[in-house]
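Only one chain is shown below, in structure tokens, and it's the form predicted on its own.
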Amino acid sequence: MSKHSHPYIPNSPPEIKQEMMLEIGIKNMEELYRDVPEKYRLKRPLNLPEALSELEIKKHVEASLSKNNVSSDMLVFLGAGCWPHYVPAVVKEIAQRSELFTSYTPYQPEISQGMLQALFEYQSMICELTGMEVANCSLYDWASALGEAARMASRLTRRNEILIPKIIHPERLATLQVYAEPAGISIKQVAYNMETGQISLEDLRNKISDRTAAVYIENPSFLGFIETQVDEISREAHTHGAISITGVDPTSLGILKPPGNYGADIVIGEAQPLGNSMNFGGPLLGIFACRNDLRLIRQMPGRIIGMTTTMDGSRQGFCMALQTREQHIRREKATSNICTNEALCAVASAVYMALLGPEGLRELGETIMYNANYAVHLLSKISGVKAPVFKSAHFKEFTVNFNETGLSVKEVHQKLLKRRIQGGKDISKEFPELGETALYCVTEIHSKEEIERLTTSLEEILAGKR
């Protein structure tokens, strides 16, 4: 048997390389890369390190990983799109069963009934939670769902403008811009009330027109406050023939009115808080749902799982009811080039929602809101600290301003990290009008004692103690 040239590359022995080149009809490796311009080719062998044994590699990787600070080792108050929540053990236990874990995506529906049913249940619960009638079986994340919703609204209305709030996650906005530009969609931001953070209805009315394809709002907003003018905003959109799109944090829907009850046509959001860990920032899970309107349904991206029966009606079954992507229909008729979904994450969310039920989701929302507002109450008592910045009700996240403390958000964060506390997201660059402000997140995982530890630590930091 040939000795390998490299232990991790099975086809690296020269005689195997020669056999492969002979098979594909080339004399040397240079011919394989002849389409690559000469100036871009490396003129020397790769500078790879000497091979290590499995034990040596294990020790090397563990030593490198030990330099990291992970959420389980710290007290974390960071959210801003990927939030710390408790995932019950049963969620991972079911999602990691081989029947679900290995099936990934049901390309062969007739042999994927278990996965199809799980995704059907996920869709059903998302509809119940959002007040919509139809949901797909997930997209990549909230940001991609927003981009898809904008393009969907443009196709439906044959208009090329979308209005969004000025207060929006900067990365979500960047993703929307990537989706919008090739489709010729322009994005206009609507101003907000500097005292409350609420969308300016006056600015909305000045900017909305017969060119507006959709009006997008977030509730709760990126900065955590609850938008109280949702009915008026939806009416304004519909009066001008535009689509009303609402972005949500689903953990708030146990206590807040669902978007379907205030006129939303499309609901999007991030389902990571529903039974999925933070996972180093991904994968996430994009929610996408709409009203029971065939025009809307046929323009939805991704896949919709349906329930049916066998031809003789004797047995229940599940199927791909709609998948309007370019792999399955004529390319020019595809609604999206989304090539996959987050099936396993959606299964985890389905298990989580079924486990909690309506009462459990209500209790979750109440606990989050109570904990967050307890933190606001304590932090607002610290001299020089303003929490929150806006005079509005907040759900999970809230702004903390340090303008009068003499310290920047960055300095405060560095001192908190030394105490093994991860503070909120620094938003002073994204929202310079708010000054030295951070976005803090408090969920059901934070105990009374942990919130008080954060408060005491900030008091000591601002008092000049190490």
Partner chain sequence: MFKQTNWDEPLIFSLGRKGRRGHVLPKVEEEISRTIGDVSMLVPENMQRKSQPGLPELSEVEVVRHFTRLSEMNYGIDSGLYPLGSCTMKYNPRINELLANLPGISMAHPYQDEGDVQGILEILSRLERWLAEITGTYEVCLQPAAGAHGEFLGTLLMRAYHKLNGENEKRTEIIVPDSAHGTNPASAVMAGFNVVVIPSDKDGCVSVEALEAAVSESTAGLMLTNPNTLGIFEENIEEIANIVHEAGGLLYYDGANLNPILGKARPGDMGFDIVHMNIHKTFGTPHGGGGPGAGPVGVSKKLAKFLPVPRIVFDGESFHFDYDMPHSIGKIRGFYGNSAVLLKAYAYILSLGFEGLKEVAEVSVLNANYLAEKLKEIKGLTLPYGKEKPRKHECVISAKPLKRETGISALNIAKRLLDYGLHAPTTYFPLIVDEALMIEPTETFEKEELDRFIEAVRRICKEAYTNPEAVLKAPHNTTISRLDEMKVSHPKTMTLSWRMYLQKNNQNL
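Throughout, rigid core stands for the largest set of C-alpha atoms superposing within 1.5 Å between the two forms. Numbering follows the first chain given and starts at 1. Quantities reported herein were computed from a predicted structural model and do not represent experimental measurements.
We do not show the form predicted together with its partner chain, though everything after this point is about it.
Any idea which of 160-168, 230-238, 189-197, 382-390 reaches within 4.5 Å of its partner chain in the predicted bound form, heavy atoms considered?
-> Looking at the partner contacts, the answer comes out as 230-238.
- Heavy atom distance at most 4.5 Å to its partner chain in the predicted bound form, all of Gly263, Asn401 and Glu460: Judged in the predicted bound form, none of Gly263, Asn401 and Glu460 sits within 4.5 Å of its partner chain.
Looking at Ile245, Met152, Val351, Val248, which has any heavy atom no more than 4.5 Å from its partner chain in the predicted bound form?
Partner contact (heavy atom, 4.5 Å) among the options: Val351.
| said: Whether Asp203 contacts its partner chain in the predicted bound form should be assessed with a 4.5 Å heavy atom distance threshold; does it? | reply: Residue-level check for Asp203: no, no contact with its partner chain.
message: Can you work out whether Gln414 and its partner chain are in contact in the predicted bound form, taking contact to mean some heavy atom pair no more than 4.5 Å apart?
response: Answer yes; at least one heavy atom of Gln414 falls within 4.5 Å of its partner chain in the predicted bound form.
Is there a heavy atom of Lys257 no more than 4.5 Å from a heavy atom of its partner chain in the predicted bound form? Judged by the heavy-atom cut-off of 4.5 Å, Lys257 is in contact with its partner chain in the predicted bound form.
Check: Quick one: is Lys92 in contact with its partner chain in the predicted bound form, heavy atoms, 4.5 Å cut-off?
Finding: The answer is yes: Lys92 has a heavy atom within 4.5 Å of its partner chain.
Fill in: Heavy atom within 4.5 Å of its partner chain in the predicted bound form - qualifying residues of 33-57
Stretch hits, in order: Tyr33, Arg34, Asp35, Val36, Pro37, Lys39, Tyr40, Arg41, Leu42, Arg44, Pro45, Leu46, Asn47, Leu48, Pro49, Glu50, Ala51, Leu52, Glu54, Ile57.
* **Core-aligned C-alpha movement of Glu23 between the shown form and the other one, 2 Å or more** => Moves: yes, 2 Å or greater.
- Task: Examine Asp73 after superposing the rigid core and state whether its CA is displaced by 2 Å or more between the shown form and the other one.
- Result: Asp73: C-alpha displaced by 2 Å or more between the shown form and the other one.
Core-aligned C-alpha movement of Glu62 between the shown form and the other one reaching 2 Å: After core superposition, the C-alpha of Glu62 moves 2 Å or more between the shown form and the other one.
Between the shown chain and the other structure, the Cα gap of Val61 to Glu93 differs by 3 Å or more. Is it closer or farther in the predicted bound form? Their C-alpha distance shrinks by at least 3 Å in the predicted bound form.
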